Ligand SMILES: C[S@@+](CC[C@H](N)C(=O)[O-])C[C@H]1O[C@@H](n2cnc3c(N)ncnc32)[C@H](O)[C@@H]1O
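Consider the single chain below, provided in structure tokens and representing the form predicted on its own.
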């Protein structure tokens, strides 16, 4: 998790909107805005002792370090929604959650947001998706993108993005704060998704993500909070399913991942 100073800057040719976005990020994160001038990200990183720099550029908020970049893009969610809309394809996550229009989902692991977008599409305009992200840096980068990105020329995708409510919180604490039966479904994806353009071992960006394994107490809390189902995504061969009490499964025959299901409405 992040344990270094938060430094915010812009691209080398910032617009007024970039400056405003940088100020917003710094205020939200409790960080400091520094001028970019002609400095590289690496130079700023070295000067301020911050391995990850928050950069307001290209109408978004980007997390950058020497070799990796993290930013929001709905590409995978867009493909999944296109398959649902145009081809009537089943989405394995939606099947596992068994969610319908008007229902609610607590997504405990936002990551890059693709699953949350698909969940939001499934529950529709009258539904609710609350997506938790423990890292404040990831939360602002992905949350800002969900709220402002317009790169996909599709109303359904953009509308689903806008409805996702991002909360910077650790699910272990957040679950305990909720009353019984608060959401129809609770979802965990404890595997670290690879959000970088280039995958580099031990990257500071990868270390931002909450890497702790899902614990039994959180699963119990999720079962208390859910009205219908608790779902966990893991590798198909994972022993975590058995350890945490997931005995029913959903997923493609040739998929590398499976969705474990606990029904709490039996």
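Positions refer to the first chain, counted from 1. Quantities reported herein were computed from a predicted structural model and do not represent experimental measurements.
What follows is about the form predicted together with this ligand, which we do not show.
One stretch from 143-151, 84-92, 129-137, 156-164 that, in the predicted bound form, holds residues within 4.5 Å of this ligand by heavy atom: Of the stretches listed, the one contacting the partner is 129-137.
Check each of 225, 54, 209, 219 and return the one that places a heavy atom within 4.5 angstroms of this ligand in the predicted bound form. For this set of options, the contacting one is 209.
Find out whether any non-hydrogen atom of residue 171 is located within 4.5 angstroms of this ligand in the predicted bound form, and reply yes or no. Answer yes; at least one heavy atom of residue 171 falls within 4.5 Å of this ligand in the predicted bound form.
Can any non-hydrogen atom of residue 112 be found within 4.5 angstroms of this ligand in the predicted bound form? Heavy-atom contact with this ligand at 4.5 Å: present for residue 112.
Flag residue 190 as yes or no: does it have a non-hydrogen atom within 4.5 angstroms of any non-hydrogen atom of this ligand in the predicted bound form? Within the cut-off, so yes.
Heavy atoms within 4.5 Å of this ligand in the predicted bound form: does residue 186 have any? No - in the predicted bound form, heavy atoms of residue 186 and this ligand never come within 4.5 Å of each other.
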